[in-house]
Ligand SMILES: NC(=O)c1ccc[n+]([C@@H]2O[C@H](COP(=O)([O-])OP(=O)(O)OC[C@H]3O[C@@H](n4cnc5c(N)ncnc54)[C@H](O)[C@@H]3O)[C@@H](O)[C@H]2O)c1
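First, one chain by itself in structure tokens, the form predicted on its own.
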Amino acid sequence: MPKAKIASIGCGWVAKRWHLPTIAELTKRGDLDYVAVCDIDESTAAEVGEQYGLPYYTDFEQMLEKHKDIDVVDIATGDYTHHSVAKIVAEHKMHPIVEKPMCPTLPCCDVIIDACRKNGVHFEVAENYFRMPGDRILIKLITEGVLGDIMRVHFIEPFRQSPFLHGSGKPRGISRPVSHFGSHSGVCIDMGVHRMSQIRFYANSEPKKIAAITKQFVPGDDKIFEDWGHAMIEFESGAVGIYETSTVGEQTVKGRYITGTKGTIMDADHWSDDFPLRALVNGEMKDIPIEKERHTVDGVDVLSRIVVHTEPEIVYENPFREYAIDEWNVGTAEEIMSIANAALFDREPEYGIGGRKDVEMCIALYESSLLGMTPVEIPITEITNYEQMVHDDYREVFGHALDKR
């Protein structure tokens, strides 16, 4: 059985928590060949290289030149570098997978798409949530019609809350500078791409238009991004999606709420893979039992399968049930193997362009907020005011265009 040779670029906390140990376990089980790691911080690169017994680099182009047989490159660098790094990877005829969000703007997403198309390689986006066991079975319930036609999807996500400050002034919307251009973007795109992905899957439809508002309720000298956002999404099916996120004020309600013509999921804790299901059975709404089977592999608690006791039963089998991979990292393993198999067998990865769709929905959110909650239609066909602001700020800081290297 052939196995893809893989290398990592970016070894920060995201890589250390999810990517690196998962790739190492897949390598241990014979699915991958881990070749090398790279990070611009030499101490981080050395630490990770020594931990996994791999050669390490601080210059990723040097790594690519040294190991010309690499098939896949896992890119877990800052948001604003994804497209430039992935472009160079593609020019080396290697297949990139980038962390989310795919890019901060759609023109940057298109840099990756165009580079991969030109060089005959595939690309993947590390969107893990829809690949997690709980979402896999939830999406299966929806696509198999257990909930009927989906009417509404709510996703409310409060994070650790900063207090409101007395006398902090009038709340402001999006303004320049848009970003400090560090590792991450604002919460409405950083975590928003996850939620837009899930909402789209739950609605079982494609978005048509988005109306939204963002606010910064607690400004500060070192604070750029919004601390609250709310979006309403109209889908082609007629379903409505509602997304809200907050990092300020008292703790608010949270959860995902999916309402269909034949059933509902009212999940107050979307961080858990457990969710309550009610559906029509013989004309009456009833609770449907969901059972998880678990076992242990090398001391790791591993999910075996999920059984939903509908008639007939709906079952999810964990494809990594023989691996020391916890429930959370099943999604990570799936995204890595998606691009590995795309590279080996020249087939489309599972998600790919879906990562661009998530960014597009978030861009529509920001643009609508800039336009006073005017709905923004999807697909977006021209660069938006919000994206132009991001590009202009980037040029002022770095002296060259964001979507060029």
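Source: prediction; values computed, not measured. Don't overthink the numbering: it's just position in the shown sequence, from 1.
Beyond what is shown, the protein has a form predicted in complex with the ligand; the following relates to that form.
Engineer: Do Pro21 and the ligand come within 4.5 Å of each other in the predicted complex, heavy atoms counted?
Structural biologist: No.
Engineer: With the partner left out of view, is Met373 within 4.5 angstroms of the ligand in the predicted complex by any non-hydrogen atom?
Structural biologist: Output for Met373 is no: heavy atoms all beyond 4.5 Å of the ligand.
Engineer: How about Ser183 - does it come within 4.5 Å of the ligand in the predicted complex, if we only consider non-hydrogen atoms?
Structural biologist: Taking the distances in the predicted complex, the answer for Ser183 is yes, it comes within 4.5 Å of the ligand.
Engineer: Is Asp41 one of the residues lying within 4.5 Å of the ligand in the predicted complex, judged by heavy atom distances?
Structural biologist: Looking in the predicted complex, residue contacts with the ligand include Asp41, since a heavy atom lies within 4.5 Å.
Engineer: Counting only heavy atoms and a 4.5 Å cutoff, which of 293-301, 89-97, 120-128, 235-243 contacts the ligand in the predicted complex?
Structural biologist: Heavy atoms within 4.5 Å of the ligand in the predicted complex occur in 120-128.
Engineer: From the list Asp267, Asp79, Asp135, Asp71, which entry has a heavy atom within 4.5 Å of the ligand in the predicted complex?
Structural biologist: Selected residue: Asp79.
Engineer: Do heavy atoms from each of Pro104, Gly173 and Glu226 fall within 4.5 Å of the ligand in the predicted complex?
Structural biologist: No residue of the spot touches the ligand in the predicted complex.
Engineer: Determine the residues of 350-370 with a heavy atom within 4.5 Å of the ligand in the predicted complex and present them in sequence order; the list may be empty.
Structural biologist: Going through 350-370 in order - heavy atoms within 4.5 Å of the ligand in the predicted complex - there are no hits.
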